[in-house]
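Taking the form predicted on its own, here's one chain by itself in structure tokens.
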Amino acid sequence: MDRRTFTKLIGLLALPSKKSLGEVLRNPKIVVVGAGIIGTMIAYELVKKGAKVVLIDKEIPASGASGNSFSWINATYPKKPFSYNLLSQMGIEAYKNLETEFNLDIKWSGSLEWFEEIDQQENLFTEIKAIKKYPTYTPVSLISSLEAEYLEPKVYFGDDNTIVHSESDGAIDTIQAIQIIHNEFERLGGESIFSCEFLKLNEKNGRLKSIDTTKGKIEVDHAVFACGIDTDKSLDIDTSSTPTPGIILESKPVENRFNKIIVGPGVHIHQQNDGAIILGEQDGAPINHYDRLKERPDKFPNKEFEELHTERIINRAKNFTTGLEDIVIEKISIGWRPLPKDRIPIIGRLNKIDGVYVSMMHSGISLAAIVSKLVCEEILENKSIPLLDDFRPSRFA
């Protein structure tokens, strides 16, 4: 999708909705639950448009999945149906627009992806061919392993292999982005309350009036839940599969070794603009670890476990790269990824209480910049945007 197409789509979204939901509230009081990248961006967009906004989190900003993520912005495989892919395409352009507001650290390098197993490779190619039939799609091509190694000399892509080259992908320093946007949120008059856990919704005649938290009651007109893996428990709904853990390693900065996002077998790699190398293991923990992980820790219980997993991931990555021999790992964390049951984003109002809105998805990093704008528009203009119809929480009722 080019910039002109994106601008045209945003213009269409700004038109009065045919699905008006009633009178628009003036200067509404809104609480956003969850200070990850989605919640922080929603809070910022709302306060920028004049709402009175309180942002709360049971810990601190970026303490959940956002701060322990591979931080990959993409709009290709496996995002389907078309509405999901289109939303992701718009997410890329929304980030590029956001870069005109903030000095965000985003490396728009594109990605190279492949699998070792033949059946997985064939499935990947099938998905890419399907994407190319969409009315719009981000640039993606199939290139030879020789061409891929020219782009990424320190990576071995296999002999006579075919690699998926997604040209528009980017990687963001998510923690830095949350800090920058949160600072602007507060500068514009937004209020933050951290180490503040949501407890209960309070309604009257089916309309939200306040929420109870561990820091007291907050009077509100709307509550937006962008709290990831805590969404179902907070709202007593059933929309998610069991969250899965992803291990993220971050090295001390080194000279440039990787140009693109490397989506390799079992391990993903990218190098930030500051030189830090990020490695993400996507397979999750073995089944015999599930009991130990039932409390969903974001760190390992001791240094020995941490070092074992670090060594295992780096050794696995060394199967296809020569760029990791002397790196020093500075940070290792476990990110618990929210997973809607059908793997499609959940965005919209809860029918059971007027004033309650949900924004939860696995692709939170990719979608935050566009979803925050659309959520803000739906709430402040009291409308229903047709683009989001496929993502409503009512599909789980």
Ligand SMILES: Cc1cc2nc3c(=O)[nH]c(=O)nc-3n(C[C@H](O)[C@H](O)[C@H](O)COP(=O)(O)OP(=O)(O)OC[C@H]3O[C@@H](n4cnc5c(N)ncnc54)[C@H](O)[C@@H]3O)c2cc1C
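Throughout, we count residues from 1 along the sequence that is shown. Note that the structure is a prediction, hence the values are computed from the model and not measured.
Omitted from view is the form predicted in complex with the ligand, to which the following refers.
Chemist: Any idea which of 43 to 51, 345 to 353, 363 to 371, 324 to 332 reaches within 4.5 Å of the ligand in the predicted complex, heavy atoms considered?
Modeler: Among the listed stretches, the partner-contacting one is 363 to 371.
Chemist: Exactly one of G190, G264, G246, G91 has a non-hydrogen atom within 4.5 Å of the ligand in the predicted complex; which residue is it?
Modeler: The residue in contact is G246.
Chemist: Using a 4.5 Å heavy atom cut-off, which residue among C227, A223, A75, I269 comes into contact with the ligand in the predicted complex?
Modeler: Among C227, A223, A75, I269, a heavy atom within 4.5 Å of the ligand in the predicted complex occurs only for C227.
Chemist: Are F82, H165 and F391 jointly within 4.5 Å of the ligand in the predicted complex, each by at least one heavy atom?
Modeler: Result no, not one residue of the spot touches the ligand.
Chemist: Tell me, yes or no, whether E197 is in contact with the ligand in the predicted complex, where a contact means a heavy atom of each within 4.5 Å.
Modeler: Contact with the ligand, yes.
Chemist: Contact between F70 and the ligand in the predicted complex at 4.5 Å, heavy atoms?
Modeler: It does: once the ligand is placed as it appears in the predicted complex, F70 has a heavy atom within 4.5 Å of it.
Chemist: Check whether P28 has any heavy atom within 4.5 Å of a heavy atom of the ligand in the predicted complex, and answer yes or no.
Modeler: It does not: once the ligand is placed as it appears in the predicted complex, P28 has no heavy atom within 4.5 Å of it.
Chemist: Tell me, yes or no, whether S234 is in contact with the ligand in the predicted complex, where a contact means a heavy atom of each within 4.5 Å.
Modeler: Yes, S234 sits close enough to the ligand in the predicted complex that at least one of its heavy atoms falls within 4.5 Å.
Chemist: Quick one: which residues from 57 to 79 get a non-hydrogen atom within 4.5 Å of the ligand in the predicted complex?
Modeler: Read in sequence order, the residues that approach the ligand (within 4.5 Å, in the predicted complex) are D57, K58, E59, I60, S63, G64, A65, S66, N68, S69, F70, S71, W72.
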